[in-house]
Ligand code: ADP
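Below you'll find only one chain, the form predicted alone, shown as structure tokens.
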């Protein structure tokens, strides 16, 4: 006789639903800045959606969803806006007219398209800051080569010829030492097709920077004034705090705050400045986003620039910018050659006590490309600098794995 089959228990299987996130944050751009913004947002239970032009990017593996499209296309931006609660960006190169589509259709964007429009055109940026009474090197528009000769009569040689749009890390700049340099520089910068302007050359004693995070209601917090050291026009070392008199630091803080207010910034904004040999502080340029000069804040401050940026664009209270140690140093990891983006020497660098290592996860290494950074805290600037450099010197990119 066959045994009677026992009825199987009925499993109450419900369709799985993703729990509601604290907020869904859209980021235009998927590079290392987007990655570090995403890391801060994730700690608050936020979801991330990234709009990028290419499939693979440093922030891609942190995103709940990716939109692979042209970020200058308003339809792509609207698709991103429909998926998120708030949108922000990691660079200032997105066309401001396209960004306007987000606010026009009711999708919150911080910083606004108006802020991006002012900052992404460096001549318009300088005019806006000058109208606010802020100190700057002299500047004039350069619609043609004759304008360069006129600027030389006004400011003297040398001069700096710059692209109004899409220049960074020294790309888009050319120093003119005499009239014989004009033709080559004009051709190098594509002056016949790109809008250019001219700046008075500033023989600075030091380059300074400050991160300001401004909330939607106008409240703001300031990070310590830092000194930046460039390598081939690319930020290489950041020292916090800058070794300047208190009066200079206070003056720079006031200038940076007023600059951010002048462009209506919301979120983190970087203010790059020159300290002249006679003690003046002049604005070099603004970045309407988290900035390389503020990477040290991840370990170096109570609340990083990335976390405070997330707080600001989501309308949350801003956090403390207090340093965690008397001295903090960040050293950028710049690629020395072309090849894969895998770091060589990472194991050795991780053995350096007190070194905090960040690798961005870029697929390819190109000479001078920012591939990561190292931060160290110390009781003295020398201690922090030695630790950061010791670890950074062990890591290289561009060789065979």
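If you're wondering where the values come from, they're calculated on a predicted model, not measured in any experiment. Positions refer to the first chain, counted from 1.
The same protein has a further form, the form predicted together with the ligand, not shown here; the description that follows concerns it.
When the ligand is considered in the model of the complex, residue 160 lines it closely, a heavy atom lying within 4.5 Å. Shown alone here, residue 171 lies within 4.5 Å of the ligand in the model of the complex, counting heavy atoms only. The closest non-hydrogen atom of residue 250 lies beyond 4.5 Å of the ligand in the model of the complex. Among residues of the shown chain, residue 199 is one whose heavy atoms approach the ligand to within 4.5 Å in the model of the complex. Contact annotation: the ligand lies within 4.5 Å of heavy atoms from the stretch 200-208 in the model of the complex, the single such stretch among 176-184, 200-208, 304-312, 104-112. Note on contacts: among 241, 319, 167, 135, the single residue with a heavy atom within 4.5 Å of the ligand in the model of the complex is 167. Interface residue among 188, 230, 154, 82, judged by heavy atoms within 4.5 Å of the ligand in the model of the complex: 230. In the model of the complex, the residues of 267-289 lying within 4.5 Å of the ligand by at least one heavy atom are, in order, 272, 274, 284, 285.
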